[in-house]
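Only one chain comes next, encoded as structure tokens, the form predicted on its own.
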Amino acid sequence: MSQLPVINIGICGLGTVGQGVWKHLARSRAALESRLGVRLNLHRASVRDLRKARTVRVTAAKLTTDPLAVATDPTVHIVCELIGGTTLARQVTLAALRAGKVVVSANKALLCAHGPEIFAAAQKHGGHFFFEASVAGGIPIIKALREGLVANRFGRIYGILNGTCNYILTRMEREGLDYPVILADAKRLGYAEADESLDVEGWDTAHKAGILAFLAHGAWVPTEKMLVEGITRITQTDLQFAREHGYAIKLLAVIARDFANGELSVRVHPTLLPLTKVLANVNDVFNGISVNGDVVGETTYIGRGAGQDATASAVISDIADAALLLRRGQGCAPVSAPAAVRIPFAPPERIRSRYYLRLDVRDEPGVLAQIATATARAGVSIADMVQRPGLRPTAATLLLTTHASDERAIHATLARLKQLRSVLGTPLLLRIADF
């Protein structure tokens, strides 16, 4: 073993994930070294507080408070960026790539915000960037898209990419409790952050959807070009309707490409997904992704989407590929800079779906006629309507589903409905998946 080449690993950020990587690398190092034909040396790690107690034992000589010192250390071959955020993490990543190093990252926000710059730096300076842990935790979806499914064009990828939202929706469904109650419990159990907005408003999922869109189609889609909606307005009324009609409500990322005209759409929203679909039955903190390829058909991937061990598993997978790359140019080929190809985004009128609408209305004569007129004038056809008791005696709740329509028409419908004196508050709009 002593004659094997040594690969020095530096970890920037020894938080939950960083400690998981250190722990599992140390535990399984002998087996990995035998398979890879290299020695893996946990060489240095950066931390914010040298005195903080940790679950892994690291000698003081290997610790520093300066992540840039780790990134630029000439003896470090692989830099694991596990800091999080997009400021210091970007500096560390670019410094390592400019030094020609391999960077392994779990940072989806960084990649979504600065992906083109990162890959350009890697290409220019001979570095490499691996990011399996940035999407869906322990699910090897990036390897699947880049390697196992390389022969395919992807008409549609959709998935549950946020464990916090899936946990909240699962418990709301099972226990009949309202969103604020489950959210508070999720925070207490550590499944939701103190500021939960990044998760529950859909932005964490949007970052991951952007990465999947790049991998599948070579295009970076900024979040302002996406349709992004969260789960905060979902109620027991919506969940009951879904259950009675054979659906589950899931927060989905949907990346769709129409190869007839080349148009791409990326959207994140709560969706009524038929219970016959595998992902409709993916619950709790688990993630699931369905990939539709023109050669292979539909493939589905399910696993833990977050947490120390699942994320560490993906990071170590990238470390192993990086070690093979450094040793003999083998292993997983690193992602290159995106090609200079402009992909048009689908306009709203070409993003089609069926829709579910929940409206609180005044319980008085003529209301149904007003609503039917408003939808018809916007070009939306009502397929079904159910009336439920309202929040007060003088109100009612209407649950509508539509025939297939499009985003432009349904938003015109919402605008007309909001103008009606009989409609109380803002209607809730959900998409119905007919994949």
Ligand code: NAP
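Residue numbers here begin at 1 and follow the sequence given. Take the two forms, superpose them, and find the largest set of C-alpha atoms that agree within 1.5 Å; that set is the rigid core. This one's a predicted model, so the numbers in the text were calculated from it and none came from an experiment.
Same protein, other form: the form predicted together with this ligand, not shown, and the subject of what follows.
Joint contact, L40, T93 and L325 to this ligand in the model of the complex, by non-hydrogen atom at 4.5 Å
Heavy-atom distance to this ligand in the model of the complex: none of the three under 4.5 Å.
When the contact criterion is heavy atoms within 4.5 Å, does Y191 count as touching this ligand in the model of the complex?
The answer is yes: Y191 has a heavy atom within 4.5 Å of this ligand.
When the contact criterion is heavy atoms within 4.5 Å, does V367 count as touching this ligand in the model of the complex?
Residue-level check for V367: no, no contact with this ligand.
Does at least one non-hydrogen atom of G303 fall within 4.5 angstroms of this ligand in the model of the complex?
Residue-level check for G303: no, no contact with this ligand.
So, in the model of the complex, is T271 in contact with this ligand at a 4.5 angstroms heavy atom limit?
Heavy-atom contact with this ligand at 4.5 Å: absent for T271.
Partner absent here, but in the model of the complex, which of 377-385, 44-52, 403-411, 31-39 has residues with a heavy atom within 4.5 Å of this ligand?
Stretch 44-52 is the one.
By the heavy atom within 4.5 Å rule, which residue out of A99, V181, L88, V228 makes contact with this ligand in the model of the complex?
Flagged contact: L88.
Just one of I255, A133, A122, L252 has a heavy atom within 4.5 Å of this ligand in the model of the complex. Which one?
Looking at I255, A133, A122, L252 one by one, just A133 meets the 4.5 Å heavy-atom criterion.
Heavy atom within 4.5 Å of this ligand in the model of the complex: which residues of 74-107 qualify?
Sequence-ordered list: L82, I83, G84, L88, A106, N107.
Could you tell me whether the Cα atom of A31 shifts by at least 2 Å between this form and the one not shown after core superposition?
Shift at A31: below 2 Å after core fit.
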